[in-house]
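Presented below, as structure tokens, is a lone chain in the form predicted on its own.
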Amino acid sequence: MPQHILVTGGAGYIGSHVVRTLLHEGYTVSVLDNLINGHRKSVASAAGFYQIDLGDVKALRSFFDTHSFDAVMHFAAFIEAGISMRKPAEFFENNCVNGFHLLNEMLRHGIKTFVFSSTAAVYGDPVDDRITEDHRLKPVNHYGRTKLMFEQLLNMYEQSYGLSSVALRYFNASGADDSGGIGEDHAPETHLIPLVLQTAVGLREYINIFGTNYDTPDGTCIRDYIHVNDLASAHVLALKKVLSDQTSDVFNLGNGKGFSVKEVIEAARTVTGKKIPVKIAARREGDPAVLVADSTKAKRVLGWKPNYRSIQSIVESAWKWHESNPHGFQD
């Protein structure tokens, strides 16, 4: 009988891609999402869907009382760093307190296998250009702080209750499934690639470049863009690992090479055939010049290998989604 996996936040950008990968791998999948930021249309028809908020403890308890799972993969979180600085209470409640409710229901039903969607934001300002898992943990925004708090909670639950977990810290999730059927649709949108492609389809007049005097080859910030399907494959590999050995761990996920803002824009111009106007703006506070993951550990331990290595291949997949769905899912 296939193992049954619960995916919280499975109607979101990354969660929906993980759900499709799980189904392709033969797992039975149930999705739990409150649809505040997720989209019902993004959930594959083969997955069971339940609209429940993790903060609704009564509904959550009833759900676990009537379903059985082998493991939980947790993506239900608020992610916008800027908003987190204005609304820390909301981020703490959703990213920490609601996750606490989830863990307690798991333990009440004897489920002790967990995969956590964490973030590179737990590292804060980088000490090195390439970040390894033993980099200092010093987040600079409340989003990163809530993710680190939850990682620390997982450590406590492992020591006290025997909960085994894998936390995956990733960098700039990007791209879309090659089918073009699901992709990135945030409100508000703050990620560079979808903003550039929204400019290409005419939803924005121009794209801002925040600073052109960084110590990089072209003067713009360099970031590690990792394709969402590569993230999905890593999550499934992490799931297999923790199901088999019940050993907790943490892994970085990234392409291992960085692309500058100007390189992303030029790739989008090539892929779309559009001019994509730009405006030069002042630097944003807290933007390091270079931020690139060292994913050596994930490759060695999980056997993971990113398939989308060029920025053009990542942008091409995203463009297939944005060109067909310029206004997103239209739920």
Ligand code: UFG
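Position 1 is the first residue in the sequence shown; the rest follow in order. The model shown is predicted, which means the values in this text are computed figures rather than measured ones.
There is also a form predicted in complex with the named molecule; it is not shown, and the following applies to it.
The single contact residue among 95, 255, 119, 84, judged by any heavy atom lying within 4.5 Å of the named molecule in the model of the complex, is 119. Taking 195, 111, 140, 250 one by one, only a single residue has any non-hydrogen atom within 4.5 Å of the named molecule in the model of the complex, and it is 195. Contact with the named molecule, judged by heavy atoms within 4.5 Å in the model of the complex, is confined among 153-161, 132-140, 95-103, 223-231 to 223-231. Contact annotation for residue 171: at least one heavy atom lies within 4.5 Å of the named molecule in the model of the complex. Contact annotation for residue 216: none of its heavy atoms lies within 4.5 Å of the named molecule in the model of the complex.
In the model of the complex, the named molecule sits within 4.5 Å of a heavy atom of residue 190.
Heavy atoms of residue 167 never reach within 4.5 Å of the named molecule in the model of the complex, leaving it off the interface. Taken together, the three residues 79, 287 and 291 all lie with some non-hydrogen atom within 4.5 angstroms of the named molecule in the model of the complex.
Contacts to the named molecule in the model of the complex (heavy atom within 4.5 Å) from stretch 200-224: 207, 208, 209, 210, 221, 223.
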